[in-house]
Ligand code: F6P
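As structure tokens, one chain now follows by itself in the form predicted on its own.
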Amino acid sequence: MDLETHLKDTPDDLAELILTVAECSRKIRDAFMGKQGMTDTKNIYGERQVALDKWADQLLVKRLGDDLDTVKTVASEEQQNILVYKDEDDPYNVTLDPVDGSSLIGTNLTVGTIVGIFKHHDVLSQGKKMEAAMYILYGPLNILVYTAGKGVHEFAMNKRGKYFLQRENIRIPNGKIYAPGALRRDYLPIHKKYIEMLEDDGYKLRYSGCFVADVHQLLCNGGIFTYPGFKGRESGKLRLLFEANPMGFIVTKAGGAASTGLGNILDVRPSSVADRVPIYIGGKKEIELIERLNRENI
């Protein structure tokens, strides 16, 4: 079954939005060959932009904001401000991480695109108010994973550029993989204890440096990804709007969970597009463990 057929029971305007991102992902993959270098510009976090990151952002922003009648605002990790396209009450507000893991582009490692979709809620709403979320994984295959609130579904792109169903109604399995961000020397005490407990229990380290890739492996094999608060950056590194909320929404719909270490990430109310948050995302038992450890030390 192809993606368009799979979306037949999804509202037409939402299906059009998802299919537009799918179309853009084919063009982004084709652009890898010529857009490996760095630009002279920086994103809202002061990070120098990779050429593909900037190009993908421009493509997605134009297709979603300019070409779709139903998108009111777009917030992108690569843009200084929320982009407003229409004054009327159009239903959709979208968050974008155009190329997650873009520092890996020059070494030909897997990267991704992350999209969060709100309906009649602005992008500074809690993640639990999302209508849908999706990601693209640019690896040996182009993989598209989406949820419109009812199940999490995986598609692979064929040679003709069409996405076909691989797995439907994915549920995160029990597994013993852990993907730990931040330097071990900078771990805070509770997180250090948590990682040692996972290692003592036989968890295997699998960390790529691409959030999308590391979370996707959890949907396949189970376990936990974490990028905690750490010394010098207690609020964490990953972005709430562009990374944590959309991926947390997807994993939650697959039977997992996403936490700050103290509570559900999807309950966090953003204060700005630049908000960062500590994140633990994966299986429920792993989330319950870190939250218990933190409660015991409050």
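The model shown is predicted, which means the values in this text are computed figures rather than measured ones. Note that residue numbering begins at 1 and tracks the sequence as displayed.
Omitted here: the form predicted together with 6-O-phosphono-beta-D-fructofuranose. The next part is about that form.
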Counting any non-hydrogen atom inside 4.5 Å, which residue from Tyr138, Phe118, Phe225, Tyr135 sits next to 6-O-phosphono-beta-D-fructofuranose in the predicted bound form? Phe225
In the predicted bound form, does Lys253 have a heavy atom within 4.5 Å of 6-O-phosphono-beta-D-fructofuranose? no
If you check in the predicted bound form, is Tyr85 within 4.5 Å of 6-O-phosphono-beta-D-fructofuranose, heavy atoms only? no
How about Gly209 - does it come within 4.5 Å of 6-O-phosphono-beta-D-fructofuranose in the predicted bound form, if we only consider non-hydrogen atoms? yes
Val268: heavy atom within 4.5 Å of 6-O-phosphono-beta-D-fructofuranose in the predicted bound form? no
Among 256-264, 54-62, 232-240, 24-32, mark the stretch whose residues have heavy atoms within 4.5 Å of 6-O-phosphono-beta-D-fructofuranose in the predicted bound form. 232-240
Partner contacts for 98-119, taking 6-O-phosphono-beta-D-fructofuranose in the predicted bound form and a 4.5 Å heavy atom cut-off: Asp100, Gly101
